[in-house]
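One chain comes next, on its own, written out as structure tokens in the form predicted alone.
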């Protein structure tokens, strides 16, 4: 299919662009296969380059012959285009709708994008399982890399190389996979260096109403326990939802079959509820006609902060079991690709200082989200403005980033990256020139040859000139476990995402720059003090022989 077939009017003059906190611009609107572009001949005006994949929905309005298109973006921006001529306006609106709803992955912009920067470090080669396993091998010899899933037939949503207990053979892994939803048998998520405890993740067991069991599955998770130790199974569903799953062939681990494990049920909501929550939250944030009480009421009714609290609470529980109780943990929900990954990745941020660095956080996203099979393509197909009927869209990864921001705000000196880094990741999951978040699983990305045909987001982010924007000036490496508060007064609305297009950040930006200036000045003074101390010590050394009788 040619993009030209979908573009009815490729260009329109005299178009007026309205954007939040920016001056109105008049110029020429152009539609390409992947971008909506508005350029102006006026001096000092910033062009608009908007990816069609960033467009969530559009609205058309007409006053006489003047048409207006309201473009609502997946990054929650709302822009307005005033287009002279009703026919031109209708043609452009129709073209935008067609180009922004293409389903074919091979037609997406990452396959056509050619970077203007030199790729110094290939992001596709940065986080490979073999390298991560070498780190694990330096700490313990109880695990091995299995190729049981090399052709993705045992578990379509797992990567080809899997870290499993050394004593469990591949045949047992295949049998355990047949007992878990989607073949997602328990595999290593995190090894706690301090005490040797581990966190594993999986999907629900297929016990069904008959109470089916699998001895290979039991043996697999028991292989992670130390002698005389108990473990915890954290099920991210309520007991009622887990019971209902049995009627559909799913279920949970029976105490009689897993006597060394204690099961705990939490209440992290499913994807359809989360999507509804995001829509209500954004609606509340965009509605500035109400009083403060009414606004707070709408905010509370969205339940967004409740979801943040529940996810953080569950992650803290997993971290507490591992670090304070010295127990291994298995986390799962239904499919093991959403709430499970939120909990395992947040628990690692709490426990492991490496995950609070930029490289460590990138590795975490690769390991616990991309390689672990979170369906980014499905979950991020629509955002908060879409008029389409929700299919499997849900802000699962955005909720994870919100939770990270809450911890970052409570421990501002413990993270190497800043809020801008998290906002950038949110934007690129919904629309990007890079191939990192395309597809739903590793098998799909291998088939699409993303590593050969597209550029990795990490290739761009890790360039020194880009990294500078994402570094936290307050960062001081902290090797301790950090315990975030989940009290209601400790959890705030993430204004950097939900209010950034509704409220100017000029004052905050100025305050941030002043803080950076003070920190740099403080470092200069500290260097001077150290230099003077060295000079003084040298003078005292030189004087001491003269004072000897």
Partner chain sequence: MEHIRTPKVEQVKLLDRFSNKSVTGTLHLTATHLIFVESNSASAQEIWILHHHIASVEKLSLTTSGCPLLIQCRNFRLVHFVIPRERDCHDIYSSLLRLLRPVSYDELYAFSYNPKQNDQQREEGWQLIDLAAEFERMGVPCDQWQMTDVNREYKVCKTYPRDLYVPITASKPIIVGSSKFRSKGRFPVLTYFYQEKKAAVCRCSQPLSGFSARCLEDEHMLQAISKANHNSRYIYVMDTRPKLNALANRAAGKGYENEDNYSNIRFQFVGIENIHVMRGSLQKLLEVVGTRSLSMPDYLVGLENSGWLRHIKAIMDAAIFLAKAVTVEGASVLVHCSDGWDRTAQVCALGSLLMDPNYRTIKGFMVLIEKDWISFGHKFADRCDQLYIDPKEVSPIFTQFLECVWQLTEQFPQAFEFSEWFLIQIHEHIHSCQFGNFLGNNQRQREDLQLKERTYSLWAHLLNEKQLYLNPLYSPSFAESHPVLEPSTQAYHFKFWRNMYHQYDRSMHPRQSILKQVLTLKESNRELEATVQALKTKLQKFGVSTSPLKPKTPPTERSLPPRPRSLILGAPLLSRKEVQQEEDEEVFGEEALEDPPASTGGERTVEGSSATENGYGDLPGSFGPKNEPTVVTLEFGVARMTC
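Positions refer to the first chain, counted from 1. Definition used throughout: the rigid core is the maximal C-alpha set that superposes within 1.5 Å between two forms. All values derive from a computational prediction rather than experimental measurement.
The protein also exists as the form predicted together with the partner chain; that form is not presented, and the subsequent description refers to it.
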Indicate whether residue 37 is a 4.5 Å heavy atom neighbour of the partner chain in the predicted complex.
-> no
- Would residue 262 show up as a contact with the partner chain in the predicted complex if we use heavy atoms at 4.5 Å? yes
Contact flag, residue 5 vs the partner chain in the predicted complex, heavy atom cut 4.5 Å
no
Q) Looking in the predicted complex, any heavy atom of residue 405 within 4.5 Å of the partner chain? A) no
Notebook entry, point to check: in the predicted complex, do 124, 140 and 145 all put a heavy atom within 4.5 Å of the partner chain?
Noted result: no
TL;DR on 66 to 74, 49 to 57, 28 to 36, 500 to 508: the one with heavy atoms within 4.5 Å of the partner chain in the predicted complex is 500 to 508
Assert contact residue (the partner chain, in the predicted complex, non-hydrogen atom within 4.5 Å, options 451, 160, 478, 153) equals 478
Heavy atom within 4.5 Å of the partner chain in the predicted complex, from candidates 223, 267, 474, 273, belongs to 474
Restricting to 181 to 208, the residues within 4.5 Å of the partner chain in the predicted complex through any heavy atom are 194
**Request:** Using a rigid core alignment, state whether the CA of residue 514 is displaced by 2 Å or more between this form and the one not shown.
**Result:** no
message: With a threshold of 2 Å on the C-alpha, tell me if residue 24 counts as moved between this form and the one not shown once the core is superposed.
response: no
